[in-house]
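Next comes just one chain, in structure tokens: the form predicted alone.
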């Protein structure tokens, strides 16, 4: 039987803190469509952890959260600048363009998932012409798709020229918990110029839910109507919000992120294959040829070959030291 322990951080079950909060919310009657007391409490906790006066909404998936957020920042004839391997560019089946009625994506290079500042400057300096979608927003990811973590200062360097142009900024935080556990200060986000933040719930150990945090309150106008049209305003919205209560109330979000990061470091110490990118969050990306990967699959360990040709190993809140050691033994046997 195949084991998916390290295939992704979304293959794990939901954390007990999240599920207990869902069960606690499953009592009595409450108003619908995100107007209930559970959603208010969850939103307050999000604001508290960010130390920010922002609007907060809860949706079912990261793809929906990202795509709807980008649609709020761009007009259909404009484009979003993002890393070439950002999730919005490679894994969302054109959802940003679909929800944005045709908005485009401008893909930029950069080592280990971080946008190259010079490439961004070049994209921003390109003249506006009628036959090309010009940038209107920047999309950043922290932790990146390659498990690296932007420092606040590095994000600020990228955001500053974008804001100087009057453009919007979106931060995809599908693995924000892991970035925070690695030292990224969540309370810095509100001062960086980010307009919309997505806080990942699913990869952090929750059942399907993501938080959309709107720092620019002008963007919040009719945002619920945008969510409703997109099928992301559920009538029983308290069940999307509740997991965030369980994960934020006593710091479980970052605590579990720290555990996942530590398991990735443990696996790095056992890894017999070259590691391509710095291990700063909860993922490892290693050089491995196809016959070796097939041998690993044959031992029951399923992992993916990633966009840059490396093989990806992801740790989660539920990864155990024993499972890391088992995988390490398997890796040495196929090396």
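Since the model is a prediction, treat every value here as computed from it, not as a measurement. Numbering follows the first chain given and starts at 1.
Form predicted in complex with another copy of the chain: not shown, discussed below.
Among heavy atoms of residue 205, some come within 4.5 Å of another copy of the chain in the predicted bound form. Taking the partner from the other structure, another copy of the chain in the predicted bound form has a heavy atom within 4.5 Å of a heavy atom of residue 225. Contact check for residue 48: no non-hydrogen atom falls within 4.5 Å of another copy of the chain in the predicted bound form. Another copy of the chain in the predicted bound form comes within 4.5 Å of a heavy atom belonging to residue 135. The stretch from 288 to 296, 48 to 56, 63 to 71, 272 to 280 that comes within 4.5 Å of another copy of the chain in the predicted bound form, counting heavy atoms only, is 63 to 71.
Contacts between stretch 4 to 37 and another copy of the chain, counted in the predicted bound form as any heavy atom lying within 4.5 Å, involve 4, 5, 10, 11, 12, 13, 14, 19, 22, 23, 26, 27, 28, 29, 30, 31, 33, listed in sequence order.
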